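Read the single chain below, which is given as structure tokens and is the form predicted on its own.
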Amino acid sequence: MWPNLEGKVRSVTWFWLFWASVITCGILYLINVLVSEARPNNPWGLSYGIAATLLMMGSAVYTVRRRAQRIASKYRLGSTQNWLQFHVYGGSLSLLLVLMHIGFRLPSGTLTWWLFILTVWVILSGMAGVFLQKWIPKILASGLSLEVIYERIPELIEEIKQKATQLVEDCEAPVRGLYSEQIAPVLERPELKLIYYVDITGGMRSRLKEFEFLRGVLDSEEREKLDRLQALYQTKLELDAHYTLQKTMRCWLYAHVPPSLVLLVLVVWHVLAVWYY
């Protein structure tokens, strides 16, 4: 089986397993409501809470699994893809079990409120992350000619700036004027621009009109230099697109991972409090 096809089959399998679990939970909760009141401290509610806790802990193992590739491969702890699917679907299912645990009522205490809010936030931010991880690589590949690692972007822009500065030293006044007015400010640093979310080229055609106009009044030697300068300028704009969209993924990590860790700590605290009292 081809790797891509195998990955799609696994995704579909996890998708249907998730919905089968949701339906099973729904049936169990319906039986619960028919025979007994759904409350956090009765056997039904405790069972839902334990299941939700196990799913949360299991979902958190994905982060450890991803950072321990050699150990996981050595002891055959499952593929990263399967752990990722469990992380996504198991985490989502835990929210349903939390709602079943509290009987679909609003929490009553400070700790339980924080648990509820963090659970909802972690699940929703996780869903947003799934969307971003599918959308951002696709849109970057669709309209850009280069691939780049986020951490190298400032270094690459500095290289472009140095090359452009050296290039314009031997250019005539019209090219130097274009450089100082339009290009040099753009080469100072990576720029975040909202336009890259709707147009991955950043409106590049309109930005290159000055080049087209100037090209018509230059001799062949100056046109060659202008073409090289334009190539550097376009590369900088593409780096800005990478910087903007890849920065979004970095910001998402800060919005998802720390709250997840806080949630796990509070879950452990909640479990110990229930056990002790």
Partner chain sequence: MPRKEGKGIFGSVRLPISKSYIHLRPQNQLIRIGFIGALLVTMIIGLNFFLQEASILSNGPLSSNHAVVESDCAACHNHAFEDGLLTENDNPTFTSILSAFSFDSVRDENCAICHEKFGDPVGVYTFAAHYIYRSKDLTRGNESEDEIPCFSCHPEHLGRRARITEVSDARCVGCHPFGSFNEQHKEFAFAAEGLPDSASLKFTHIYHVKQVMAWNEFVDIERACLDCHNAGPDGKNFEPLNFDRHCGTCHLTEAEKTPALQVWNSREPNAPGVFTLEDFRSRGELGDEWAFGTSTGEFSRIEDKIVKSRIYHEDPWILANLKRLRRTMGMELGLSGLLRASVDVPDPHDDKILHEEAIETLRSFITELRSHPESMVIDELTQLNRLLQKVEAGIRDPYTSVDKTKFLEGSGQAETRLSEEEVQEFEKVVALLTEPCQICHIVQNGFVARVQKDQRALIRAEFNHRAHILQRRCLDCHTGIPFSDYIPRKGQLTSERLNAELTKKGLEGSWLAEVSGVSEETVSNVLGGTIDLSEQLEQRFMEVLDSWPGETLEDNSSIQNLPIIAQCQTCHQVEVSSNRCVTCHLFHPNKLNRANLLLYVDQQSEGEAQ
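This is a predicted model, so every value here is computed, not measured. Residue numbers count along the first chain shown, from 1.
The following text describes the form predicted in complex with its partner chain, which does not appear among the structures shown.
Within this chain, Ala141 is remote from the site of its partner chain in the predicted bound form, having no heavy atom within 4.5 Å. Its partner chain is not drawn, but in the predicted bound form it has a heavy atom within 4.5 Å of Glu159. Within this chain, Val265 lines the site of its partner chain in the predicted bound form, having a heavy atom no more than 4.5 Å away. When contacts are judged by a 4.5 Å heavy atom cut-off, Pro185 does not count as touching its partner chain in the predicted bound form. Checking 170-178, 86-94, 141-149, 197-205 against its partner chain in the predicted bound form, the stretch whose residues place heavy atoms within 4.5 Å of it is 141-149. Although its partner chain is not shown here, in the predicted bound form the stretch 105-135 places heavy atoms of Ser108, Gly109, Thr110, Leu111, Thr112, Trp114 within 4.5 Å of it, in sequence order.
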